[in-house]
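Before any questions on binding or motion, here is one chain by itself as structure tokens, the form predicted on its own.
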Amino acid sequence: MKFFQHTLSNGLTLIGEQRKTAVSAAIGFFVRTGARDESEEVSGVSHFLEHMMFKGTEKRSALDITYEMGAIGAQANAYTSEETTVYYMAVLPEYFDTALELLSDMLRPSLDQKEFDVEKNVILEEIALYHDRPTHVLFEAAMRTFFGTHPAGNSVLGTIDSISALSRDQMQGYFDSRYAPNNLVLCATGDFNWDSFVEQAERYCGSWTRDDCPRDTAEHTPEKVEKTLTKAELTRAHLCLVGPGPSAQDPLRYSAQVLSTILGDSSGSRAYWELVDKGLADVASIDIDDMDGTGMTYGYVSTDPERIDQVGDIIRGIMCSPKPFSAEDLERAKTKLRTRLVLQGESSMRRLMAIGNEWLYRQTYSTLEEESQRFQKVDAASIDTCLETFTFEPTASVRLLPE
């Protein structure tokens, strides 16, 4: 396995993890833009723009894009988060060059007005659909409550009002300001030819114009806030507790991830044994989310409405008193994380996501072995060090109850 890195003169960074024994290849553009980079006026534009990348270019229609993806059997998709937008394909190695040309063309969309108008209705339907999902309503409200005015709490989907009012020219302006090549990482994994990759990237992307793409990464200082929301026709009660956590650049994220696995993994954790195993909750989890310059720890439970106070007290107690835990708990958590890491590493697509996002956040590359060792080195002392800064104690509490 070999790692390569190259930067074009316009600032586009190319990285690749070449594994000649792989039976597939994956390629993706990682864009350092998302909901946190939007103004309130264009809330949801990052996600809307992601959809428009599949709706035609100066060279291809939306139908052409769909047909050509199907012709090479590409497993292709995209996603938008608070911080990143990613476009990716997985193909047989012989179709890697074709996939690169197609994906590069898609990253310069025509933003046709008719396609924009049609897709706007699709986005509005998607917002309505997600508003019917209790967990989406809860977690979006919890992020907004925890982060307050900090942009990391911005909504990925936006609102009915913001999307309805969004114009094609506003989207073009956002694209021009955020999709500069120096704000992108082009990543490849699996079985591919690095020299050919660099040559083609220069041909397809070398003319893109660089620009300044600033991001607000100011430190967030949370305040204690509690909210209760209600929703019609809800049969379960939901609770999300959020507190500060390590950022994507903070080495403490490894200790925090191990501790969250001890406390709130889907099986065999403290939350599982105290809540799910005893039948008090159907879901109980504690996890971390490391972000650009900030981060959070959060706990979630779903239970019968009449038990929400009891269950909430238990999950809060676990987060506020994460110690003690046994040596067996620690080793079990590290084994889980290392196993998941290795299993994901067998997939070219999963490795694409791992190394692409790592470079976007930290401009570094880690092998599977190096990443596994970082989890293995976590011990009780390093978790104590983590807890000196990130106590896991929540500052924001949001409940979603039946009306």
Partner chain sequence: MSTKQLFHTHTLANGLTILGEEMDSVSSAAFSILLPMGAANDPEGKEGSANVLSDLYNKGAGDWDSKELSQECESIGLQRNHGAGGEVSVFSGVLLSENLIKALELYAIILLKPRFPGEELDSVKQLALQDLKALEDRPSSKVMNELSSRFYPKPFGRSLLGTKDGIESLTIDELRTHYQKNLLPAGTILSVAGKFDWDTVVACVERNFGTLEGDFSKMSVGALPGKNQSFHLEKDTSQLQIALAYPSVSIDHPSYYTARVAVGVLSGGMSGRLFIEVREKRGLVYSVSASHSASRDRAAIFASAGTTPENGEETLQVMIEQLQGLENGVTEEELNRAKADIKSRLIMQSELSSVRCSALVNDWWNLSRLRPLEEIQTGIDSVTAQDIVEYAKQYPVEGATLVTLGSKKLELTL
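It should be emphasised that the depicted structure is a prediction, and the values quoted were computed from it without experimental measurement. Positions refer to the first chain, counted from 1.
Missing here is the form predicted together with its partner chain; even so, the following discussion is about that form.
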- Task: Using a 4.5 Å heavy atom cut-off, indicate which stretch of 343-351, 38-46, 374-382, 359-367 touches its partner chain in the predicted complex.
- Result: 343-351
- Which pick from Asp287, Glu82, Glu119, Asp112 sits with a heavy atom within 4.5 Å of its partner chain in the predicted complex? Glu119
- Query: Which one of Glu219, Glu125, Asp313, Asp161 is close to its partner chain in the predicted complex, taking close to mean a heavy atom within 4.5 Å?
  - Reply: Glu125
- Message: Taking its partner chain as it sits in the predicted complex, is Asn77 in contact with it (heavy atom to heavy atom, 4.5 Å or less)?
- Response: yes
- Examine Gly268 and determine whether its closest non-hydrogen atom to its partner chain in the predicted complex is within 4.5 angstroms. yes
- Message: Taking its partner chain as it sits in the predicted complex, is Lys224 near enough to touch it, meaning that at least one heavy atom pair lies within 4.5 angstroms?
- Response: no
- Would Thr303 show up as a contact with its partner chain in the predicted complex if we use heavy atoms at 4.5 Å? yes
- Query: Mind checking whether each of Leu186, Ile318 and Pro324 has a heavy atom within 4.5 Å of its partner chain in the predicted complex?
  - Reply: no
- Query: What residues of 9-45, in sequence order, lie within 4.5 Å of its partner chain in the predicted complex by heavy atom?
  - Reply: Arg19, Thr21, Ala22, Val23, Ser24
